[in-house]
Each structure stands twice: as C-alpha cells, then as structure tokens.
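Taking the form predicted alone, here's one chain by itself in structure tokens.
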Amino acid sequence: MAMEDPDRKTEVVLLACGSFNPITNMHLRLFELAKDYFHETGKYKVIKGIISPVGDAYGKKGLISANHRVTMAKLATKNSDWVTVDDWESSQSVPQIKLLCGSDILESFGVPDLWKSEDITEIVEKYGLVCISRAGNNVQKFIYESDTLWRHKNNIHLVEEWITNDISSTKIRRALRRGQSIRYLVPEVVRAYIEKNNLYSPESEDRNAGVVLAPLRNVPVTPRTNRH
C-alpha cells in the first residue's frame, strides 16, 4: 500500500460571491487574509482566488449594471497573479416562470369561489400558462368566454396531446376505492407506496368536504341586500 505523503498539502480555491458594488480593497484583503491563514496551518495550499459578482437580477438596492461591476473587479485584480474574476454568475438572467397545467386546472378558473380573480389575473398576466389539452376539452372556447383569459391569450400556450391519455388523479382514486388495479396507471413505486400505506378510501375522499379552500378563508363575504 502506498504511503501518504505527510508533506502533501490540500489545494484550495477561494471563491467570493457578492455584489462588489463597487469592489473595495477590503474585498481583496479577504483573499490575502484567508490565503495567509491556510498557508500558516501547513496543511493547505491556496492555488487560486475567484471573484464572482452577482447578476443584475439580484435586484439589490442601488445595484449598478453587472457590466460595470465586472469591469471594475477585473481592473482591481489585473495585477494579481492568483485572484481572477469570473463573470458567469453576473451574466445569468432570471428565467420566465410559467404555470404548467392540464386543461382541468385552466377551466377551474371558472368555478365560483375557487380562485380569487386577482390571482387569476396575476398568473396569466405576470407569468403565463402552458396548458396541456386533454381529450374532449374545448380550451380555446373557454378562453374566449373569459374576459381575463382572452385579454392575456398571448400569454397562454396551448399544447395539444395527440396521443390520448385520459388518466387522472380522480379516476385513480375512484379505482382504488372500488378495489380495482391501478398497475401501469401510476409509477410502480407510487403504486407500491399507496398500497403499503393503505391510502385513498371512501373515508379519505370525504376529507375536507364542505371546507372552504385556504386561499378563500379570509375573503370577506358581502351581505346581499334586498332590492325593492
């Protein structure tokens, strides 16, 4: 067996993330202090230091353009033989988030007292939808009949499922309540878990029956007045 070299030192790379808005001498001193510390232990060898400014999407108050912050960091380290600047993080943008759903979720927007109208508006206006259309659903007609959805129709992406798949959680629960097999309808590990924990029964289906959904519990009810 090969003997471990007692004089061999563990190589270390120091990474500093932050806004560097602007970079200061104290930022650079951090690297020197850390390098001295590791070298004094006799166990480590610092081989590189990396400065990684955050991107503009970080959104910190007073944050100037990443282009300027990266440029200043590169100027500050141009004479260093071991500290460099990496601009990968600073170039990352925030991805768009879109709600992925089946047509049943989209159509649930029309169920009275299920969704707050302002929440529906925020979803379709600020984020957008990717709706997978199931067999027998006329999603385009539903969008047309909703003023809110129609107003933001360009932010709703409809994907047609040409290979019909009518499996739904509702049908899975119904089969389980009736003692029918759900093999090949859900992932096998999920089927095994359901069976092991004896999930989904007539009793579980009645759970929360008549309970107001959480998002609507604090919504004040406006009393109706009689009109004369």
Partner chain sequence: MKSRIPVILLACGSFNPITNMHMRLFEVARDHLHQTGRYQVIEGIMSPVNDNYGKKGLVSARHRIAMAKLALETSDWIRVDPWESKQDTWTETVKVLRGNSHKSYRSGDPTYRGLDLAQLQLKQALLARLGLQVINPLQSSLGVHKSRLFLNQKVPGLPELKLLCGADFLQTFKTPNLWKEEDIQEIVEKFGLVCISRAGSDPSQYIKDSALLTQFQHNIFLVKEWIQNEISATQIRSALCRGLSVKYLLPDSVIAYIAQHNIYTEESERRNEGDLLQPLKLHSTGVTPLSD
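Quick caveat, the model's predicted, so the values are computed rather than measured. Numbering follows the first chain given and starts at 1.
Only in words, not in the display: the form predicted in complex with its partner chain, which the text now covers.
S.K.: Do D166 and its partner chain come within 4.5 Å of each other in the predicted bound form, heavy atoms counted?
M.R.: Contact with its partner chain, yes.
S.K.: With the partner left out here, check for me: in the predicted bound form, does some heavy atom of Q180 sit within 4.5 Å of its partner chain?
M.R.: Q180 belongs to the contact set for its partner chain.
S.K.: Examine E40 and determine whether its closest non-hydrogen atom to its partner chain in the predicted bound form is within 4.5 angstroms.
M.R.: Yes - in the predicted bound form, heavy atoms of E40 and its partner chain come within 4.5 Å of each other.
S.K.: Is there a heavy atom of L185 lying 4.5 Å or less from a heavy atom of its partner chain in the predicted bound form?
M.R.: Yes, contact at 4.5 Å.
S.K.: Which one, 151 to 159, 108 to 116, 77 to 85, 125 to 133, holds residues whose non-hydrogen atoms are within 4.5 Å of its partner chain in the predicted bound form?
M.R.: Among the candidates, contact is made by 77 to 85.
S.K.: Which of K48, H68, K171, K45 has a heavy atom within 4.5 Å of its partner chain in the predicted bound form?
M.R.: Residue within 4.5 Å of the partner: K171.
S.K.: Which residues, if any, of 7 to 29 lie within 4.5 Å of its partner chain in the predicted bound form when only heavy atoms count?
M.R.: The stretch touches the partner through N25, L28, R29.
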